[in-house]
Every structure is written in C-alpha cells, then in structure tokens.
Ligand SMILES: C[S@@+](CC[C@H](N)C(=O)[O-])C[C@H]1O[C@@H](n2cnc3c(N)ncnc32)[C@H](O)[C@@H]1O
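Only one chain comes next, encoded as structure tokens, the form predicted alone.
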Amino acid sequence: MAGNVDIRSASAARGEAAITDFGPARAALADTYVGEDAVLTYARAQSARLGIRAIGPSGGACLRLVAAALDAKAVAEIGTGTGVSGVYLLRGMRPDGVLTTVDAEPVHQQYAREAYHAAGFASNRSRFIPGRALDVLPRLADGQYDLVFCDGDPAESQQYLAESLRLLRPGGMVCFEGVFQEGRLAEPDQHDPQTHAVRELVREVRESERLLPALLPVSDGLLCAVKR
C-alpha cells in the first residue's frame, strides 16, 4: 500500500512539473487568441500601476467561458483587484447575474467599480464587500453560488476551498488562480509557506471525493473543480 502511495505521489509531481512547462510561445498564443478591449487594457494598466497581479488574458477567457457554461447567476469572487477578472466573469454570466466580490482594499474596489461601469454593466450587477475574505465569506449564504473564483492570499487557499464548498450548489465550480506560483509549485526545493499552502490545496482538490478537478495551464495556473 505504501508503495502505491509513493507511485501516485511521484506521478502527480511529474504531472505538475510537465503542465507548468507550457512554453512562452504557446502561452503568448493563448493570451492573444481572444484579445482584450480598452476596458480590460485600462483595468490591467491600473492593476500594474498599483502592483497588483491580475489574471492573464487566457485565464480571464477561461473564467468567462466557465461562467457562460454554468449559466451563472450568482458568482463570488475573492480578490476584486482593479476589476480585470470581474469584467471577464460578468461577460460570461447571465444578463441578470450578480457578482459578489470581496477585497480588503476599498480603493481597489473603486477601480473595479469604474471598470464595470465602463464595460456597460449596471450597478446592480455587482455587490462589493470590503474586508478580509475569511471574515466576509462566512456571512454569505450556503449553496447559493454557481461559481467561486479565488484570487486572494495563497496562504489561505485551503480555507477558501472549505468556504467555497459550503457556498457552491451541487454542480457549481470553484476556480483558483495563480497555483503554479510562477513555477515554484513544480520545484521540490521550494518550501516557503505560500508554496506549501498551494501544494496542499492542489493535493486536497485532487484527492477530494466531492470534487472533479482539472489544472489548466493558462495564466499562472488555473485550478478548477466541479462540486459533485
């Protein structure tokens, strides 16, 4: 039995190493395939100016696709940023869908609010909640969300997963951005707390009987899982 566990662990490690070796040329092709308009370009520039890492264009396109495939009416987002991911999510959601977005920095949410307005979304399409995610999430209703997108503190990833499983309806999806950790996930000698937390998240999602997962090589790694 112990040998089987070692084999599975080694196989998983090889898979994580391979999937991060996507290559800059193919990554660039994925990023430019859909393209970004002036709203997203401006929101992304604001993110860079503030030193906030935003999801890449290919990852954003995946979020839009997932939201559309789920016919999502209620989406929760951890980490508003300047609105890059929110614009993608709103563009994939139903016309009457509402995005609930949480961020500890109200000034970031103001930039996102401007981005949503510039993209043509009515104010009632989004609900901004300032505050630390782990303080806010317990106040959200059980089983009422189609999609939860997590782009907050990587060290809190496993807590986000636990909250997401509570928030999601059966058949809903949770997505985590940045799981490749700029390549550190696949480096066995990386033992910093943040990388360790993300490794544990990836393992927990993969081994959970409640989830059907996939690790997508877009942006800096997008881990998605359907709640059974």
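Quick note: we count residues from 1 along the sequence shown, nothing fancier. Nothing here was measured: the structure is a model prediction, and the numbers come from that model.
Below, we refer to the form predicted together with the ligand, which is not included among the displayed structures.
The closest non-hydrogen atom of residue 131 lies within 4.5 Å of the ligand in the model of the complex. Taking non-hydrogen atoms only, residue 55 approaches the ligand to within 4.5 angstroms in the model of the complex.
Shown alone here, residue 104 lies within 4.5 Å of the ligand in the model of the complex, counting heavy atoms only.
In the model of the complex, the ligand lies farther than 4.5 Å from every heavy atom of residue 180. Proximity of 36, 42 and 92 to the ligand in the model of the complex is absent: no residue of the three has a non-hydrogen atom within 4.5 angstroms.
Comparing 92-100, 79-87, 139-147, 118-126 against the ligand in the model of the complex, the single stretch with non-hydrogen atoms within 4.5 angstroms of it is 79-87. Residues of 147-173 that come within 4.5 Å of the ligand in the model of the complex, judged by any heavy atom, are 149, 151, 152, 153, 156, 160 in sequence order.
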